[in-house]
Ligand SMILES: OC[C@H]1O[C@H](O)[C@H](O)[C@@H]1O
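Here we start with a single chain on its own, the form predicted alone, put down as structure tokens.
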């Protein structure tokens, strides 16, 4: 059985991108500059309306795993897609990016493949309309014990917490990873995820996980406080490794009694989409290759800075060359 340095589990969402002006958005009833969850029928109407569609495999943790794969890690992604045109595209694209998409598309799946219709306005605003589809039905049946049990690091996506079967899949993946001697952690994903499932999130972090990665809003939401230092301290009491990104204020890493604050060089982003995902890719790459946590954070910062320099949630530059140029490899 193949072993993996990093395996992710999360939503498998095809990003479908098209240019659109304000009059088109108004005509289609699309709210500009925000992300909306939509139903299947609405998704089909919007998909059909898109001209010059560009499709890319997406999903928060999937983007992280792809970024780590581009750095050379042996990586896998556990997700659920339908055996339809978009599902086959997603699976093939992940495999072509060097990431093993370990679950084949589901024939006769209960819902179509998940997709996010993204309309980019001339002023650069992105209006996102996401149909969750089959990815939100991921369950323990999709989690291969062999894959999870042969993973050095397992990274879980908080968005899947919205369904009980997703929570069960998380637990199974984390426990199988631990049985094989690996470490499991979570991308908190969104403060609203925490608000919906705070008790379950905290129980999972305290009893099942080895690390947590989140931004300051997500970390503060865990303990319903506006005091970041209080939230960090409380999270560190229940989890061995806490990694908090703070935009232009840098990164804080808490490991037991040790604290590391790593600054970042402030830049104006072209597109902030994917910054947290690619930070996680760099940090987890550092962990998987045995680097100290300060170096892990610095690698993560370089990866995040690259992705915000252009449109799109995945790196375009040769990240290994960039990291060598910074003296981090």
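Numbering follows the first chain given and starts at 1. Since we're looking at a predicted model, the values are computed, not measured. Superpose the two forms; the largest set of C-alphas matching within 1.5 Å is the rigid core.
Unshown form predicted together with the ligand; subsequent notes refer to it.
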*Following C-alpha superposition of the binding-site region, is the pocket for the ligand, modelled as it is in the model of the complex, open or blocked, where blocked requires 3 or more ligand atoms within 2.4 Å of any backbone or C-beta atom?*
open
*Among 44-52, 59-67, 22-30, 288-296, which stretch has residues whose heavy atoms lie within 4.5 Å of the ligand in the model of the complex?*
59-67
*Does residue 128 reach the ligand in the model of the complex if we count a contact as any heavy atom within 4.5 Å?*
yes
*4.5 Å heavy atom contact, residue 116 and the ligand in the model of the complex*: yes
*Counting only non-hydrogen atoms and a 4.5 angstroms cut-off, does residue 9 reach the ligand in the model of the complex?*
no
*Quick one: does residue 307 come within 4.5 Å of the ligand in the model of the complex, counting heavy atoms only?*
no
*What are the residues of 274-293, in order along the chain, with a heavy atom within 4.5 Å of the ligand in the model of the complex?*
274, 277
*Spell out whether the Cα of residue 128 moves at least 2 Å between the shown form and the other one when the two forms are superposed on their rigid core.*
yes
*Cα of residue 16 displaced 2 Å or more between the shown form and the other one, core superposed?*
yes
*Would the C-alpha of residue 33 be classed as shifted by 2 Å or more between the shown form and the other one after rigid-core alignment?*
yes
